[in-house]
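Below you'll find only one chain, the form predicted alone, shown as structure tokens.
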Amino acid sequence: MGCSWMKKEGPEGDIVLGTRVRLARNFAKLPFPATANRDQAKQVLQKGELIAEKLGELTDVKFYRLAEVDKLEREVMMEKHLISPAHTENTASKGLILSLNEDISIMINEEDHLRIQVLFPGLQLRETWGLANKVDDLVESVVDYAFSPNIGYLTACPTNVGTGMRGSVMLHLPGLARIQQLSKVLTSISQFGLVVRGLYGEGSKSFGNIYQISNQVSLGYSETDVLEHLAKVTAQIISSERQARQYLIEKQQRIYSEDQIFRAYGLLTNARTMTTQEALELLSSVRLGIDLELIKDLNKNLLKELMVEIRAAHLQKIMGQSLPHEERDRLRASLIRDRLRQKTTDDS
């Protein structure tokens, strides 16, 4: 079925591309992955198989031993936001539990024994947490968690201690970028106890005006507290982005906005080579044109789908072989041209 968050439009979907809730969990009486020996890491991986069997009561899932998954396929999983970049390397005792529609993924032996992730399209913090909580309860029915009555769930990283929860929203903010207010807005976010990251989370850069915003700490707060605060700040950012977009189509600005958007569309539909960064920036402009109803015959989810499909591993999977940078740039441009010709609103 593929990633449902990529292929569907959720609430506030013109700005919020996706919502994620991630839970860090560890097993009682076993050291964290960074200090576990080979036998202990193997025990955790074996418990993963039991967990996968239990989750079958909720939805269809598949269990992967990542050492048995080739490197290219692991990188494809990372590009789809199903695993972290770190989880693609040193895979001897690492695993993944993945639901059929890929809205649930559980990394095994990453920084913590388990990283439970649920990813939904649009702004759906309450719904995403609801499913993550069901998954968490099922997991806890077959394993004992490392938990302190005083401080909560015990995790490898101190910032995750407490609820062990990281809620995040993926935002597309081209309007604020165009009126040069984006850095001001993003800087203010840290004052609200939230953190801004790039397209692939911690340590990654932002391309295409796409940012992930999440809570920074979880100790001393309930899951509801964390998500309500994130929702409140997200609502303010959405409001600012909508105001910026409205300004861009006012009479004195409209011609400049149209010019930038259709120049981007022209490059995407005609270029013969294109880097990932250039493609994401241009796709951001085209998606803005769709949202402003300047471009009327393209599916809104095109940006979400293409920002994954044009990555290096996906392109190499299409060709079934490793490709040099120049060939990937050529294939990327060709893929974008084809998708822009074929992906109309009739497909949505």
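Residue numbers run from 1 along the displayed sequence. Note that this is a predicted model, so its numbers are computed, not measured.
We do not show the form predicted in complex with a further copy of the same chain, though everything after this point is about it.
Participant: Find out whether any non-hydrogen atom of Gly193 is located within 4.5 angstroms of a further copy of the same chain in the model of the complex, and reply yes or no.
Facilitator: Although a further copy of the same chain is absent here, Gly193 would stay clear of it in the model of the complex, with no heavy atoms inside 4.5 Å.
Participant: At the 4.5 Å heavy atom threshold, is Tyr265 in contact with a further copy of the same chain in the model of the complex?
Facilitator: Yes, contact at 4.5 Å.
Participant: Is the gap between Met274 and a further copy of the same chain in the model of the complex 4.5 Å or less for some heavy atom pair?
Facilitator: Met274: contacts a further copy of the same chain in the model of the complex.
Participant: With the cut-off set at 4.5 Å between non-hydrogen atoms, does Asp225 touch a further copy of the same chain in the model of the complex?
Facilitator: Heavy-atom contact with a further copy of the same chain at 4.5 Å: absent for Asp225.
Participant: Could you work out which of Glu110, Glu102, Glu258, Glu127 is the residue within 4.5 angstroms of a further copy of the same chain in the model of the complex, going by heavy atoms?
Facilitator: Spelling it out, the residue with a heavy atom inside the cut-off is Glu258.
Participant: Which pick from Thr159, Gln246, Asn270, Gln236 sits with a heavy atom within 4.5 Å of a further copy of the same chain in the model of the complex?
Facilitator: That would be Asn270.
Participant: a further copy of the same chain in the model of the complex: within 4.5 Å of a heavy atom of each of Glu278, Glu326 and Arg330?
Facilitator: Affirmative, all three are within 4.5 Å.
Participant: Specify the contacting stretch among 178-186, 128-136, 249-257, 74-82, defined as having any heavy atom within 4.5 Å of a further copy of the same chain in the model of the complex.
Facilitator: So the stretch in question is 249-257.
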